[in-house]
Structures are given as structure tokens and as C-alpha cells.
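Given as C-alpha cells, the chain that follows is alone and in the form predicted on its own.
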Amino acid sequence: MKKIRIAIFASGTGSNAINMIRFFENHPSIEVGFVLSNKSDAPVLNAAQALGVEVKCYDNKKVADGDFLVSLCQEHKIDWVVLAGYLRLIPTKLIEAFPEKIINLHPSLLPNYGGKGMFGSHVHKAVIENKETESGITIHFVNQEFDKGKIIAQFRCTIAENEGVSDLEKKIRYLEQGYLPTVIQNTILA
């Protein structure tokens, strides 16, 4: 049986990308086709390669080229794209070629704390500064606007009164590591 192939796009350390690679390593129905990054020094590239996954690295101009990304994904027989800490806007042509087959992970409860510039510790800092009592993660489909696609799932955590950004970061990472691979699997196989 032909496996469903996913491409993972990541810009940084790639802890969620690596978690997904391990989760799908011996999966009966899903496999990781490649990991793509827009940063040549992104630690995710070496980590993915060490796990036997093909890696691709292109500059920001190249990853903004929708035609290029569509042909790259077609060439590698990619069925789904997962964004895990990928900090670039996805070109419209790729979105059109993969309707509701591009999934993003965001470190807040969207629609709050989403949009351009809202990633990683920027999100957690804003959440803490606004004295929120809870935060969480959102897994959603990608559309033409940052963090505005249809929500697939959200998972929450409480924020204690004296909690700092690094405390919240740990809670969010725990949610991401625990839920992202399973949600991706269930969405793809639905």
C-alpha cells in the first residue's frame, strides 16, 4: 500500500518536526517525505538528516515562489504539508495546490495572539503581559492569511499568577509534543 507522504516545513531547532519524524518513522500509512527549511543554519536540518530524512534548504526568495514549491512537492509525491515552526508566509499557489492539506501549529489559542510577527516567545510574552489565565496551542489549516485558517484542534493550559515566559514556553512545548503528531495523523486519515 502506498503511504501518504508529508513534507515538514521548519525554520529553527525543529523539536516538533523531529517529534513528528519519530512518530511517523514506522507508521503503516504515513511517512515523512522531506523536511524543508528557509535557513541554512537551522538545527532541524542536521537533526532530520541524522534520522534518515531527506532535507531541503532554500533562501526566502525561493520559498516565496509558489510554482517552485508546488513542483518540489509534486516531484516528491507529497500529499500533505505540515508547518512546525516555519516562519514564512505560504505562497497562494501552494495553498491552491494543496487545499486544506497544509496544516500549521501555532503557540496560542487563536484567534488571539496570531498574525504577522506572532511566533515563539513573542506570543508567550504578549500572553503573560496581558495577564491571561490560560493559553495553549492551535492546530489549523493554512489559508492566505497568517493564522486565519479553519481550526482543527486546540489544547489549553492554565497560567499561574507569577508565571514567566519560560514557564509558559515549557507548558506549550509539552502540549505541542503531546498532541501535534496524533492530530496530524487523525486529520490525514479522517
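Computed from a prediction, not measured in an experiment: that's the story for all the values here. Just count from 1 along the sequence shown to find any residue number.
Not pictured, yet referred to below: the form predicted in complex with glycinamide ribonucleotide.
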note = Note: exactly one of Ala97, Leu105, Ile102, Ile78 sits with a heavy atom within 4.5 Å of glycinamide ribonucleotide in the model of the complex, namely Leu105
ask   = Asn16, Gly120 and Glu176: each with a heavy atom within 4.5 Å of glycinamide ribonucleotide in the model of the complex?
value = yes
key: Heavy atom of Pro181 within 4.5 Å of glycinamide ribonucleotide in the model of the complex   = no
ask   = Applying a 4.5 Å heavy atom distance criterion, does Leu72 contact glycinamide ribonucleotide in the model of the complex?
value = no
ask   = Does the 4.5 Å heavy atom contact test between Ala84 and glycinamide ribonucleotide in the model of the complex come out positive?
value = yes
